[in-house]
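This document starts with one chain, in the form predicted alone, laid out as structure tokens.
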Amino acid sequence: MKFYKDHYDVIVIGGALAGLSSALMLADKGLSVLVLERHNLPGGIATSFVRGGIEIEAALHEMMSIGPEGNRLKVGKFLEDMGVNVDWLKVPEAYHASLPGIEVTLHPGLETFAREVDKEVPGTYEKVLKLLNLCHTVFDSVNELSIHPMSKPMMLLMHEAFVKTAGYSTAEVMDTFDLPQKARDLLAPYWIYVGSGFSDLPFTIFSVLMADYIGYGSYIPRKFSHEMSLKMAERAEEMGVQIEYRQHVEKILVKDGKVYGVRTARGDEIYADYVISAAYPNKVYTSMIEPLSEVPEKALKMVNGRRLSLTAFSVIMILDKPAEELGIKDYSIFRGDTMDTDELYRDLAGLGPYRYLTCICHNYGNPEATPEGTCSFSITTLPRVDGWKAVTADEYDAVKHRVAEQMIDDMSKYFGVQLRDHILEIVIETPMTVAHYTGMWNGCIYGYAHTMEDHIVARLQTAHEEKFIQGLEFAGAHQISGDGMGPAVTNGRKAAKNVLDDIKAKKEAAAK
């Protein structure tokens, strides 16, 4: 019996969240789908690993766009609609901010959050709530317009706040609220999850982030992010998707400007009408298209003109005492010596010591995350790829340990406990780790940076101009939504919708 079919409607390169979302949506519409994943398990960075007999979350801090049971947001609703039943646990707070002159834990809910900021900075409640309500209005518009595009006059009529703020940075819009610096600092910690300083971050992106996380709270799967990816893969196979692991796609086959299949590292040529690639366009257009003469010059200009966003450096530890006995009191801690996001962004171009850290204690979101009497504690920074690209093989080990030690020492000083004395297991994840295990271009987990020059609104309007090869779609952090696991699901759905729309258009044209 042949390993592969003679032909598929769609081949999906990569079995992470974006690729699996594409596969689920396409299979739901009756298409034949093949997913080729080079790893031995699905999920990409949505995975876990075992050390010392303890399962440990590899990457997920918190998941956005899930929402409570009975009132799911778009990612949670999509997964439920597809029959993917994840056991979601709500994270207990938004974050603890540990900044100069600030030590406070803030909680989700627009009014709750505004009142807690007002408690720290009296007299700011109305202004903060007005800002958060504006974020929520823009968030609703983004969700609506992503499904139902409309003309500019109609957009202005029905989505006035979205249109009026779309051309401005986060810093510019926040300036109009005339908030004290301390209040602005309390509104800023999530900036690291979008990877641009406020002077260059579109307010649209900030709005979506704040409205989602602050308005609805965040969630984690009870059995770590791998529960999500494994259940997505299992459901996809139930729906007829063929998923093959340890299959590395080396080439995307193109003729006369149209894809017709792929070739794997072991030499299999597999044919399809469409290919959805999780590989970054940087890699696809420079080395994966065969023949390379099929790559338009415009495609190369596009990838060269876009700025890569952030990668990741994490120290993940299993500690030998419960969190509270070690002075760890919160699920999420953002710690820095300034909240000047532009300054911190510039700092992330180097190799440390890093001045802004995000820490997660999973036990506060899931008390069963580790065996009784222990806790899981991770320290993460999200550097830019610039500095890490220059690290040589000979330097790598020393640089890795120097950065990890600095991060552990910083948080040990903060808690007043030497964390090194309590480590049962430790794993250090670097940009090289990410690149090696997932194939992400330069270890970049957040795709192309959202900036005022590369605005999400412009991306939506010009997306059709970036279809350089017919039948080729992209799904991953490098696509329109960017940034994180929730947007990866959204990007996967968008790629599938593009395929379905193209099939529909061809059928309509043939019927005329």
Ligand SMILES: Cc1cc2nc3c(=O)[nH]c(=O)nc-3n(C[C@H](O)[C@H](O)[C@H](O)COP(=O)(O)OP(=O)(O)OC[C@H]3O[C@@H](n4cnc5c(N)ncnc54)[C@H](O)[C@@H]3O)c2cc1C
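It should be emphasised that the depicted structure is a prediction, and the values quoted were computed from it without experimental measurement. Counting begins at 1, following the sequence as shown.
The form predicted in complex with the ligand exists for this protein as well; it is not shown, and the discussion that follows is about that form.
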_Leu31, Gly261 and Lys504 - do all three of these have some heavy atom no more than 4.5 Å from the ligand in the predicted bound form?_
no
*asked:* Does any part of Thr341 reach within 4.5 Å of the ligand in the predicted bound form? Heavy atoms only, please.
replied: no
*Any non-hydrogen atom of Lys298 within 4.5 angstroms of the ligand in the predicted bound form*: no
*Non-hydrogen atom contact Leu26 with the ligand in the predicted bound form at 4.5 angstroms*: no
*Determine whether any heavy atom of Met440 comes within 4.5 Å of a heavy atom of the ligand in the predicted bound form, and answer yes or no.*
yes
*So which of Ala58, Ala449, Leu472, Ile66 reaches within 4.5 angstroms of the ligand in the predicted bound form, heavy atom to heavy atom?*
Ala58
_Option from 201-209, 123-131, 169-177, 246-254 whose residues, in the predicted bound form, bring a heavy atom within 4.5 Å of the ligand_ = 246-254
*in the predicted bound form: members of 38-63 within 4.5 Å of the ligand, any heavy atom*: Arg38, His39, Gly43, Gly44, Ile45, Ala46, Ala58, Ala59, Leu60, His61, Glu62, Met63
